[in-house]
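Given as structure tokens, the chain that follows is alone and in the form predicted on its own.
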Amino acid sequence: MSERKFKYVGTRPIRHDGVDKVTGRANFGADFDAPGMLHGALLRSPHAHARILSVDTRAAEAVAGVKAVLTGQELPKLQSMWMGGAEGGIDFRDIAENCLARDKVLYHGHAVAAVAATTPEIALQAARMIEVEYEELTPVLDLEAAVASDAPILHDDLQPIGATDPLPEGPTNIAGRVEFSRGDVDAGFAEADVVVEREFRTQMVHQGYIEPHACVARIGEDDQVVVWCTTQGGFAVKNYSAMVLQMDPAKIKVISSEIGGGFGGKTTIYLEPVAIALARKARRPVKMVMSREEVFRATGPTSGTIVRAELGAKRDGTLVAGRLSMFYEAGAYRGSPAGPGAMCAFGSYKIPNFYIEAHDVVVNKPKVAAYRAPGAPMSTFATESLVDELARELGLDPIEMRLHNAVDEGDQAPYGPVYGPIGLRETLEAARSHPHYKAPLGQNQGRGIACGFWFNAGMSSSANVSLHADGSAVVATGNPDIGGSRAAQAQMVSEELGIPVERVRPVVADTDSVGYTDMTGGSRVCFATGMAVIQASRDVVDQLRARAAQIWGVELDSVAWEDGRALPANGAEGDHEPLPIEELAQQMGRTGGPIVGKASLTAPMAGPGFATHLCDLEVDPETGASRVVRYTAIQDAGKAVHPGYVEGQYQGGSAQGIGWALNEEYIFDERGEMENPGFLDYRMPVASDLPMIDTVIVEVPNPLHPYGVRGVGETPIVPPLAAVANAMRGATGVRFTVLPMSPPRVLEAIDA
């Protein structure tokens, strides 16, 4: 890809949505109210595993102010409809039953019934008056128990998906299996001079978005539904809700609010179908807002995992063989990120002989949801820890060993495709030459290095670019902005039209106002929706050139576009004065009417992302408490459209990964009830817990995008678990294989 000179792309304009957010004017999910609105509340299961024998709603219905009561039996009963392969997909029956239980409850906090009333207090009171008779069943609370031969079965009709060879016959809690392999693994290990083998474990952790789930549903006399909600994808809410309620999707319009964090956790539905059903029953709008406790107990964390890993290398550090057997908790219903975890585990290295298997396992815990590079941090924790072990065993510099084995353009990814131009090697070289890597360490300090890979997604996007009479523009897309996409899209329009970014207004449109767009996730928005924005902008430019040709009385190919102006070209030079965009816009009415550029596309591939992280950690040997004293995140962005936002993504992913490594975990009692469903006891890092996270943006252009962009939002959370663990090994001399490395666990290991 030839080096393009940019005027607006690569700059750092003030964010378009910033003023409304810092002044409190921006409307988030719970900020919207509708005239005559009711408030919804849910009754949730006190058991982790139980049959529902009966539900008596009469007492709740008799409460003054209650306008509607809903149970799962009143909603359509769906057949299992799995869409997607073992590497990722959804089952609409599972989504429906997760929103409101039917015959069984499968985790503590599972929604059983709902109430709509005139106040939130009345709704909660009435919900508690619903009488449910349960037959309590033995809960399955860990992976070993779930796959044991005598395990209680969560779903009698569960059919495993994927590679079937070692899957059990008959009822099982193993919902799926993925397998990747290359070469002769046994021969590869026989060739190795050093082999390291360990078992690694991680716990369920939550995305930790600050804004809880919230929505308002309104239904008209014509049965047209409008939903306002906090979501990463309005079209997903529209289509999933229609499927759950067996409605015509054309009757549902979704308006996405501002979003106070998602990180993958708002790519599904919980409240929306329930609010629609209550609104239909009460014939009034219904608002539902989760409490923080409900968010923890009943929305998707990411999986707890067990990873059995083995890696072999020759004396010079060449990796020759690898083997992984992985088990991921899906929660109550199938759909863990075991597949992506398997895809990414060996993604950074040339390993000629490997075998990877990953299992999707149901347990009596909340159904998991995506969390930023879903599945990859856990498998990478194992592989990068073993690479660190091998470097120590062989007496090699950990960066030099990684450089020796790093994948390059033309190498094949473990899951099949051949890499195009990639920047892993450049991130490692940037780490090697960074002052952080050469800085001296203090007492009780250690330094960890880890690489990470995420494949990034393409998928479908649409965009409209409208020109105003003053020459300014509006760009409308269907992606909620969770990472700076509005500013980046405005910059792309500016780059193509040649107008200042302040004269472009980026809009997140509702599902009736823009073409179908897949959700904000998979690091796809700046890449795929950005391509749609560029194409729509170029459509506007082509129309402007046609208007100029009309005004000048020349052929279209005699008009060029540069720096916001139509210029005569191909022999017309000297005969006409340049026409600025403002002048052309003023003449739209006389030259053919409004100018609107449109584009819709499906990007089947995306440029993969690679990162290298450095972590310095200090441990107090008296208490086991640790703190990160220095952290540097280095990553290939392809092209950083808005470098400030790119750096923010690197820092945010690093911060979340550090929390995951050191403190965060779901803690359940023996009955399956979460014991720490709040930020006081679920220990997420805050600003005072972390140093300023340094960033280095590497740019190896991605040829699949007009500007060279690759997604950057997910790769930053992949290396931190291993980087922190490798630093802990350096600080304590102990190899930790279980996360989090909380003070009691660290102190116990030091004392041992």
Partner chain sequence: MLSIRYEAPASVGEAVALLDADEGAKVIAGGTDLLVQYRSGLREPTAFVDVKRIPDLMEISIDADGLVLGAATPAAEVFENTEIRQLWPGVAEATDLIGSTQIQGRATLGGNLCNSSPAADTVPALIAVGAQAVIAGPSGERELAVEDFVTGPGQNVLGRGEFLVKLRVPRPGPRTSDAYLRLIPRTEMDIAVVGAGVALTLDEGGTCTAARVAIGAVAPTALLVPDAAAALVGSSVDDAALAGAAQAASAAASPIDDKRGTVAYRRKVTGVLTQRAAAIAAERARER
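Residue numbers count along the first chain shown, from 1. Only a predicted model underlies this, so the values are computations on that prediction, with no experimental measurement involved.
Heads up, the form predicted in complex with its partner chain isn't pictured, but that's what we're talking about next.
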Residue-level contact is defined here as any heavy atom of the residue lying within 4.5 Å of its partner chain in the model of the complex; does L53 satisfy this criterion? no
Wondering, does I667 line up within 4.5 Å of its partner chain in the model of the complex on heavy atoms? yes
Considering non-hydrogen atoms and a 4.5 Å limit, does its partner chain approach L680 in the model of the complex? yes
Would P744 count as touching its partner chain in the model of the complex under a 4.5 Å heavy atom rule? yes
Tell me which of 169-177, 585-593, 615-623, 392-400 has residues with heavy atoms within 4.5 angstroms of its partner chain in the model of the complex? 615-623
Single option in R627, K281, R538, H576 placed near its partner chain in the model of the complex, where near means a heavy atom within 4.5 Å: R627
Tell me, which of I122, V508, A599, V514 has a heavy atom within 4.5 angstroms of its partner chain in the model of the complex? I122
